[in-house]
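What follows is a single chain, given as structure tokens, in the form predicted on its own.
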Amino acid sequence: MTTPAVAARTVTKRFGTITAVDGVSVEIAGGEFFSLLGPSGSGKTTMLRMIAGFELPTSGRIELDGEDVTRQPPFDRDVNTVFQDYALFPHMNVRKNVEYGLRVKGVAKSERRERAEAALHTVRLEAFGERKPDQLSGGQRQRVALARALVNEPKVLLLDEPLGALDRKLREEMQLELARIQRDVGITFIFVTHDQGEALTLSSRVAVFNAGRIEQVGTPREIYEAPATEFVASFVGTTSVIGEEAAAALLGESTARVLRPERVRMATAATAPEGCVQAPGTVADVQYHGDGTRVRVEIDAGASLVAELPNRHEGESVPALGDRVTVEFDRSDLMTLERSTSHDQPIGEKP
């Protein structure tokens, strides 16, 4: 079995009476773009800081390439961290910012210059070496911070919500850049974010954190299409919950089920096709999103179903608030979830 680039072994971190990370075990393979996803306070950033060495676990251990580094200081670990605030030196130009870590290590000037130029080329800023940070855009400053981390040639790059300060359009552009850079350099990226779309877009695998524990580890497709728990289903994307009473009335079963909005559609026939369920109800909300329209329908069986509809062509009607409609979905698209997961066994080992 290949030794993981990073492994957490039953790691717990307490701050006084607060348990920030609770018995987390996960393995991250070399070359993965691995995201730690979760809401504020879920433990993802604390987990990243323990991998970096900025926090010591209360119990458990951190391994890098099979070596126990739990008690090693940050500067002795072959990792670098990129923070949301960039932490660039305002009085230094871009090239000197990128060279700084090498200068501290005593690397010769000619080698520093060569490696800094290569790092700036990787982030497509080779023409900006003489500029100061305040002469750059937010996206450019973020790329300088990446270059400064990459120039040290770490085995693992840790990114703590690095795109959080950027506007939406720039964020989307930087997501593409991050994915390209990671492919180009081929090192392990561990990325902390609370943005579900960002995690699904960038990652080879995702660990979903909740209340200090990992609810699920999987590929973006697995996390979205086969969520393991109610929390994962509700946090990653939008879900409609069909409770036990509604399931009994609508499906003839008493097990609560959930459904993604893109699986719900407006019925076009009076009777349901084979394998399909139809549910009459009243439109309770309509939201236009540019590339689609989200319609929430309170069905008569006693549940609220959300349908993600493609935008209509001119002349076609869109359901309006208060309209009586019938929605339908395929039985095969229903999901059954656990209410919580057991954390007694390590999870996250890459097959």
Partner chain sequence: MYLSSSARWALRAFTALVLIVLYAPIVYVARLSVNTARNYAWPPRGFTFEWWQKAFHETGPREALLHSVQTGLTATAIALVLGTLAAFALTRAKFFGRNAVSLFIVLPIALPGIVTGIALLSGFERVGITVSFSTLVVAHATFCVVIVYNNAAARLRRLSPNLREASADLGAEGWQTFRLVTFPLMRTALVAGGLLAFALSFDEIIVTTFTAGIGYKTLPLWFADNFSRPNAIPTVNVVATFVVLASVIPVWLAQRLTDRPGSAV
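Numbering follows the first chain given and starts at 1. Not measured: the values here are computed from a predicted model.
Below, we turn to the form predicted together with the partner chain, even though it does not appear here.
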| property | result |
| --- | --- |
| Residue stretch of 83 to 91, 120 to 128, 277 to 285, 166 to 174 approaching the partner chain in the predicted complex, non-hydrogen atom distance within 4.5 Å | 83 to 91 |
| Complete contact of 100, 103 and 152 with the partner chain in the predicted complex (any heavy atom, 4.5 Å) | yes |
| Selected contact from 237, 74, 243, 138, since only one has a non-hydrogen atom within 4.5 angstroms of the partner chain in the predicted complex | 74 |
| One residue of 267, 79, 187, 192 in contact with the partner chain, assessed in the predicted complex (non-hydrogen atom, 4.5 angstroms) | 79 |
| 4.5 Å heavy atom contact, residue 148 to the partner chain in the predicted complex | yes |
| Residue 49 within 4.5 Å of the partner chain in the predicted complex, heavy atoms | yes |
